[in-house]
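We begin with a single chain expressed as structure tokens, specifically the form predicted on its own.
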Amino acid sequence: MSNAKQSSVNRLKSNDAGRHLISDYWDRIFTANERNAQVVWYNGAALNPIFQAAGLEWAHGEAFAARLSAQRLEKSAQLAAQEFGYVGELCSYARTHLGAALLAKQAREKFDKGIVDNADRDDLAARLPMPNFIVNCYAGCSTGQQWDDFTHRLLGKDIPIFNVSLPFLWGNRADAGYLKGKEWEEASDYVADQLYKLIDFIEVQTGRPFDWEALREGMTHIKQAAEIRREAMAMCANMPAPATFWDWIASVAHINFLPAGPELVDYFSKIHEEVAQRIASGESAIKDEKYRLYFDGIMNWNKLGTLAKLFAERKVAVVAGRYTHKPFWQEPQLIDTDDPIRGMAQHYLLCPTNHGFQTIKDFTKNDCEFYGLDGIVFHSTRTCRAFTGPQQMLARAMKKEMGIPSIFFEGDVADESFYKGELLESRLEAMLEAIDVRRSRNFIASN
């Protein structure tokens, strides 16, 4: 008789089937210089549909740092950044990407001199292709807005750079609210105007006219994929949940920076189909779901499997989160596929770190109500002040206004040295016990 313990995590199979889209994308990036393809490095907002329409290869700084961290290959880049002088408290996305830029620059210089170094070739962090130009479009984070300027300096200031400025949405005017008000309309116009200027800049860099029809086609695919993704996410209000936060984490790359085409729509259609089939058959994402929680914080990429298992073993379905549910083309109705620029600008403003507290509180409350959640887990991301800034106020507000308990744990996006697993486990156990007590009191009171 086998003593093998069945896993409590039941991941979506359609996510596994879509992993080749990610590997295909990175294979194209790593061979870009050899193919003499023009490359743009960028950070922040999902500008990739513009780059795709312009016939460019695009490398996203956070995405590369997250990939290195998820594969536990981030150390060489972080050490290179540390030796250059960047301290450990700097955003670990930026620190890792800046280190990768240093390693990639060194590898390119050796290649140009005819020096073949096996160590350089084997180090994934050194394989980024050198950019032809850099674009920054960062919301809600002062480090992000300067990150590419640091990269520009590291690479010798010879590479052209363009910055798209995204104003913070304070939401403190009388008519302000999510997707409404004078502030929202003015900011939308301001960013849209900069996107037109970015396209002018790209035309100069590429030496060819921008392909507007290709942009319309790409945004049509993204709008379709985003609509399907949102519907599939909403189906997770079902109890037990057919998919979890960790399943949506696994599909972030696809919606955030992979090429827009029919294969993207097909990928999310298969996820939607699998989620619907699970609901019809009563199949759950975790075994014997007992608790439903919300996750607030950017993903701790080097602990993805650890966290998914930790919650599932305690019968916790982490159903939704600010990181997965509030960025990444989450309002597809804003996209006019015939004239997509303004809708794209509006999505770039909707980064979950780019709102005043009232808006963050409102959409967190809505998610907690919609998904029937019992509590919130706050990932206090050590080197991301933009995300952690409002978390203590949010925890107090959710407790006061909805009676929803919460816990905090410390970790980071790409630096596992900040992860405090034992604290998370003990605090999670205590919160689940408190939820049990509350349920018992409510049962007694209702009888």
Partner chain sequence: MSKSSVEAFQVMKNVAQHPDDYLTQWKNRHQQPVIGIFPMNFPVEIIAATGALPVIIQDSREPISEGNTILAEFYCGFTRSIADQTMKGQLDIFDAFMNADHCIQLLGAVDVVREMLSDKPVYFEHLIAAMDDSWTKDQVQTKIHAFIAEAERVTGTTISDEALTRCIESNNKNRQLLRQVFEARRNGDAQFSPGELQTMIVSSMIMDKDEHTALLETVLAEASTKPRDNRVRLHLSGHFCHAPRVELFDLLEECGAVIVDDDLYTGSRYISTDVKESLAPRAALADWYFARNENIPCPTRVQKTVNWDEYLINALENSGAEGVIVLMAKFCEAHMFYYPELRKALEANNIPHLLIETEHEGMPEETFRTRVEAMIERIRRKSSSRTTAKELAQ
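Residue numbers count along the first chain shown, from 1. Please read all numbers here as calculations on a predicted model, not as lab measurements.
There is another form of this protein, the form predicted together with its partner chain, and it is not shown here; the text below is about that form.
- Message: So in the predicted complex, is its partner chain close enough to residue 332 to count as touching (4.5 Å, heavy atoms)?
- Response: No, residue 332 sits far enough from its partner chain in the predicted complex that none of its heavy atoms falls within 4.5 Å.
- Is there a non-hydrogen atom of residue 265 within 4.5 angstroms of a non-hydrogen atom of its partner chain in the predicted complex? Residue 265: no contact with its partner chain in the predicted complex.
- Non-hydrogen atom contact residue 194 with its partner chain in the predicted complex at 4.5 angstroms: Result yes; residue 194 sits at the interface with its partner chain in the predicted complex.
- Answer for residue 152 alone: is it within 4.5 Å of its partner chain in the predicted complex, judged on heavy atom distances? Yes, residue 152 is a contact residue.
- Going by heavy atoms within 4.5 Å, which of 255-263, 223-231, 294-302, 167-175 lines up against its partner chain in the predicted complex? Only one stretch qualifies here: 167-175.
- Listed residue (101, 316, 91, 271) with a non-hydrogen atom within 4.5 angstroms of its partner chain in the predicted complex: Exactly one residue meets the criterion: 91.
- Query: Taking its partner chain in the predicted complex as the reference, which of 71, 366, 277, 142 has a non-hydrogen atom within 4.5 Å?
  - Reply: Looking at the other structure, the residue within range turns out to be 142.
- Taking heavy atoms and a 4.5 Å limit, what residues of 378-416 are near its partner chain in the predicted complex? Contacting residues: 380, 381, 382, 383, 385, 386, 388, 389, 392, 393, 396, 410.
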